[in-house]
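For reference, the chain that follows is the form predicted alone, supplied as structure tokens.
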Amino acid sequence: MSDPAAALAAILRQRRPEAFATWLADASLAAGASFDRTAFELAFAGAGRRFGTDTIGGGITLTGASGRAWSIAGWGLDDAARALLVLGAVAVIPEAAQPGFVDDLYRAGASRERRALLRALALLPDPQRFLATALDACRTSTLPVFEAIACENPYPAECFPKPRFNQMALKAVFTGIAVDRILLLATRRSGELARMAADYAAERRAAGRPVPADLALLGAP
């Protein structure tokens, strides 16, 4: 197991020991087992029933492929279980098939399943390969799914091209999400993002509407 996988397994083993005991075997990811996609998908969909949705809480962090650590205190136990499953599956699926596998899983998933997958993207090897899935999530009208990629997630700052990062940051403002939830924002602020934020602020003022204070974090005057 990679370090993130070991950390996730330790959380689940501690918090839900009976559920964890047979779960990896049921998912066909036990040591030495051949990968069974049907068994995997059943385990992925059933993680909420098996582990529940209680928040992890505490000072738990994970270290992604970039070597950067971030907090997963806001994840549910089902998020941790699904992330562990995805890490295990990607470890045994041929490299060329991994982006398609992840994208298929995202498109077929219910809201919480999609959220877990998006939260796990930064943990996967060479995470840039999964950019299409992450960008698609930014187009969703389902706010919790958008939050999963935009908030408390290092993936956008590490992998998004500048125009798409800027669009995501502005969408956070449009949808009322606190901009300080975007990890590593300071590393991706740019003159273009500041201009976009300033234009939006000017539009709000011209319409007699309040200007979100968060726009200042994007560089707007």
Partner chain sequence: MRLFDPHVHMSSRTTADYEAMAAAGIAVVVEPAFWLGQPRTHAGSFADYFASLVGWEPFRASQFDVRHFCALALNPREANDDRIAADVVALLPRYLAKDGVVAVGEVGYDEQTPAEERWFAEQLELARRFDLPVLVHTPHRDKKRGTERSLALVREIGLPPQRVLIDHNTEETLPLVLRAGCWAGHSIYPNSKMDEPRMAALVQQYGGERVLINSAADWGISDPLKVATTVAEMRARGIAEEVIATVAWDNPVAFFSQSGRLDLEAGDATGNAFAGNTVRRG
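Positions refer to the first chain, counted from 1. Note that this is a predicted model, so its numbers are computed, not measured.
The discussion below concerns the form predicted in complex with its partner chain, not included here.
Engineer: Just to confirm the contact call: exactly one of 67-75, 89-97, 138-146, 121-129 touches its partner chain in the model of the complex at a 4.5 Å heavy atom cutoff, so which is it?
Structural biologist: Result for this chain: 138-146.
Engineer: Under a 4.5 Å heavy atom criterion, is Arg49 part of the interface with its partner chain in the model of the complex?
Structural biologist: Answer yes; at least one heavy atom of Arg49 falls within 4.5 Å of its partner chain in the model of the complex.
Engineer: Using 4.5 Å between non-hydrogen atoms, is Leu184 touching its partner chain in the model of the complex?
Structural biologist: Contact with its partner chain, no.
Engineer: Even though its partner chain is not shown here, does Arg205 get within 4.5 Å of it in the model of the complex, heavy atoms only?
Structural biologist: Close contact is absent here: in the model of the complex, Arg205 is far from its partner chain, nothing within 4.5 Å, heavy atoms only.
Engineer: Look up in the model of the complex whether Gly191 has a non-hydrogen atom within 4.5 angstroms of its partner chain, and give yes or no.
Structural biologist: Judged by the heavy-atom cut-off of 4.5 Å, Gly191 is well away from its partner chain in the model of the complex.
Engineer: Going through 76-109, which residues have a heavy atom within 4.5 Å of its partner chain in the model of the complex? Please give them in sequence order.
Structural biologist: Arg82, Asp104, Leu105, Arg107, Ala108, Gly109 sit within 4.5 Å of the partner.
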